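Presented below, as structure tokens, is a lone chain in the form predicted on its own.
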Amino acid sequence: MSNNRRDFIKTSIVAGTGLALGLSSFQSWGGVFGKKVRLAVIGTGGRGRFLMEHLLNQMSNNDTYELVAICDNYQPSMDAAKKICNKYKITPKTFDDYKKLMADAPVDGVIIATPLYQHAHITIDCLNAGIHVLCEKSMARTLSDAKAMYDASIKSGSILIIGHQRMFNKKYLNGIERIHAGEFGPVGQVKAYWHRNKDWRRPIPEGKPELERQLNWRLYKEYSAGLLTELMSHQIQVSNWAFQNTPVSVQASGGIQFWKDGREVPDNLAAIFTYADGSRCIADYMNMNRNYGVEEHIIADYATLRMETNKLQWDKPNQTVNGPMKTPVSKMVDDIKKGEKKPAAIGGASWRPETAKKTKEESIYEGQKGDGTVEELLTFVEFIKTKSAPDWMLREGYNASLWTLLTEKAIDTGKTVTCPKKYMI
């Protein structure tokens, strides 16, 4: 792990992520912006409004930034966003075209929460205009668009962060730092899953069938890869983060098993990512049962970290919470010393199942609140103030998006897929 990344993780954990939550430590990052950071939100659908609420709620506690503009071309979403603004007693400019926003509402940074297929051209235009960007995941709909976004940030010098909020979440930051420090031994496998029991379909206003693809863009391959780009992108980022590497190949299968309603993206899928040292991430997703919910299990030699639910379980005998455990042979030796003769099971029967271990759980990080979204937004403001962001953070977002799209290719072709050299960074 680079010193850049390690220092950010340590600073974030100590300072409460967000690099001090209350944004009182700008000087520690070596720059003074001298005025409020002017922000805009492009895309005021469900996710955009969720981010707006977080921004405006935090804005009441500090005066380091302001929301000066919002943009959406779907009036119901814009109307809902205006209600949020009224709630917080602000009146940002409103636009139905992001290019009009760029021309008429000077901003320092934008938060892009549009449908996936619109990310690339909006992001690139903003970056080239000197506007810093926090773009929701996944990065883009195609590999070439994702690479173009990455290249535009590097060439322009404008900051680009992809919305993987787990990178700002204290339980993840703490767990990853401890993994990289070797506390749990080498990581052998990551198991990731995200199960939901809903069709993901949005209702279409009566008499407006032409809005089907606009509102249900997640269900059509032209605009989205569905479960892959909406959910898997988060978890392959966590896997890459834990392994400090990216996969060398992916195998996957998926299909439409349950929701036969005209959608074009899988409602269930499974993937295996292989890393250079032979380690693997095994991931599965579905839209027909939520019993298992969402989780990333990072399985190391000494322990398993269940990141989403903030649970740590020790596995090695000398690491269990109840003290050292005796092996069958050492227990037999102790019995002989005591003058006792008891049978010892040297090896278990090959047909006997190994049931889950009963070990006491402990928290990875105490006091975790939220999912990292607040910290992500406030840290983005910090980056704008100092005109600097860790370079590894963009790489994390890029590589997560890259391997999400390569997984789609593996499903579509039925073949093991590797990354073309032209997309490697």
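The numbering used is simple: start at 1 and walk along the sequence shown. Everything numeric in this text was worked out from a predicted model, so none of it was measured.
One more form of this protein, predicted together with a small molecule, exists but is not displayed; see below.
Contact with the small molecule, judged by heavy atoms within 4.5 Å in the predicted complex, is confined among 276 to 284, 183 to 191, 130 to 138, 236 to 244 to 130 to 138. In the predicted complex, at least one heavy atom of Y74 sits within 4.5 Å of a heavy atom of the small molecule. Although the partner is absent from this view, P115 contacts the small molecule in the predicted complex, with a non-hydrogen atom inside 4.5 angstroms. Put simply, Q165 is close to the small molecule in the predicted complex: some heavy atom of it is within 4.5 Å. In the predicted complex, at least one heavy atom of R202 sits within 4.5 Å of a heavy atom of the small molecule.
The contact with the small molecule in the predicted complex, taken as any heavy atom within 4.5 Å, belongs to I122 out of I122, I159, M102, A300. Only one of the listed residues (K36, R395, R47, H54) places a non-hydrogen atom within 4.5 angstroms of the small molecule in the predicted complex, and that residue is R47. For the marked spot (A225, F258 and D412), a heavy atom within 4.5 Å of the small molecule in the predicted complex is absent from each of the three residues.
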